[in-house]
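Before any questions on binding or motion, here is one chain by itself as structure tokens, the form predicted alone.
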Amino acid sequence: MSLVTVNIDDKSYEAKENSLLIDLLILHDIKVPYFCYHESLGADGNCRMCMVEIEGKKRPQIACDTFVSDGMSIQTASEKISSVRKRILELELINHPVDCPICDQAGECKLQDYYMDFGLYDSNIDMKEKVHNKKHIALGSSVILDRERCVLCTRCVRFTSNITKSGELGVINRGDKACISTVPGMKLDNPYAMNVVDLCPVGALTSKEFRFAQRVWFLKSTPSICHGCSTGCNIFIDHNQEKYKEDKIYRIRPRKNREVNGDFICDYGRLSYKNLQENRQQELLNKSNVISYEDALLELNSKISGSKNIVILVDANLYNEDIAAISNFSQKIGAKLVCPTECYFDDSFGDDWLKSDYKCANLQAIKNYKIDSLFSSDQQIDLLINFNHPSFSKFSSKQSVEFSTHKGSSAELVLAIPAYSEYSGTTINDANIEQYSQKAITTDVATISEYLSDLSKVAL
């Protein structure tokens, strides 16, 4: 496709011929308001907010339905366009409840942003005259609808019809009675249902899990990679440390990556933050007794020194840096390194979109390091060292050590390690793309690399 030159607000830009004007505006951060348009859903043209003035056209045009051509001249901030946007925005707000102080979307609401950028007018409608509608409607097990706040952008409808193709949502009635609703006999419970909360530009669709939990301006967003399966969806971990409390994760949101997950994630990955914080192993235990870090290293060294047949289990959710350190460690002590992978496989979980059959984040690294995925649990083992592998309980050994993120280990020596959200590292997804996760939550628990590095200092 050939490139053309267009003039926007007296500046020249290059774009692909017949590409959408709104995509060009978004790409170059040229401020234009829009509700219904979304890069993954395409144009719908119902909100009319993205009006621009095009030379040679009698009236303003919507940017989401305008294709660029060579020599096109566009004004996005003229007095005429500003007046048009102001009047359209007033229509969008005419029946809005203006309940921003109690709305979960406050701080992330496009209606708020656009009013401050393009509105700033006094309402011509008395609050008592506004059309009222139903509130707190459970569309399914995870999403709540407030019809009074809805601007009928239909992003949610188009997501269920065009993306998931499950068709649970639609628009019913006409005029000021029009509203979003589930199709009779259906609930919004598909595996990707909670993406409609991210798509909603206002506070009409909210998450049951996050509802009234935290104000968004208190949250810190850390880029990370979902560990729910081997697709490796890009995410934001949103967390906050309130006064006198520990840092806590309140939600996981999708982070755009066109090569991996686009704009979306599955609900399983989205809700996985709960497991990151529940039933966590925080102490070092020797036969159920709490011990110090130094004593734990001495005990581990003693077990290794007194054992001949040593087997190491490694979890396929660990970072590349951990797996590399464990691989070097196993060679140093002459241990057999294995990662049984059948426990991760679940063909009822996977689909043809974002959910993989393997519910682990770094299976590709296990393959790259040529770590055995098959191992008989009938073999005689003097010492079994487990680095958080879920099949630990299926193996028997004379002595056992487990590096664990969660409580419940039956090992003699239990060493606490952080979850993936508590330190940084890289993983490789099933498309062989290496991706980096930043540290979100601070913890005092040592990482695997720290354990193995300090163990070398006390080795006999």
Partner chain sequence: MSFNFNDDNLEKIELLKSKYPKVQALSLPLLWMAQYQDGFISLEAIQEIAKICETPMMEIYKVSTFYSMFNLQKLGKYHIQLCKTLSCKLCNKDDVLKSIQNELNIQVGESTSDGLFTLSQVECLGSCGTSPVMQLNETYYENLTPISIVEILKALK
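Positions refer to the first chain, counted from 1. Everything numeric in this text was worked out from a predicted model, so none of it was measured.
Just so it is clear, the following notes concern the form predicted together with the partner chain, a form of the same protein that is not shown.
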In this chain shown alone, the residue from 267, 168, 209, 299 with a heavy atom within 4.5 Å of the partner chain in the predicted complex is 168
Heavy atom within 4.5 Å of the partner chain in the predicted complex: which of 324, 138, 77, 172 fits that? Just give me the one.
172
Name the stretch: of 382-390, 350-358, 305-313, 183-191, exactly one has residues whose heavy atoms fall within 4.5 Å of the partner chain in the predicted complex.
183-191
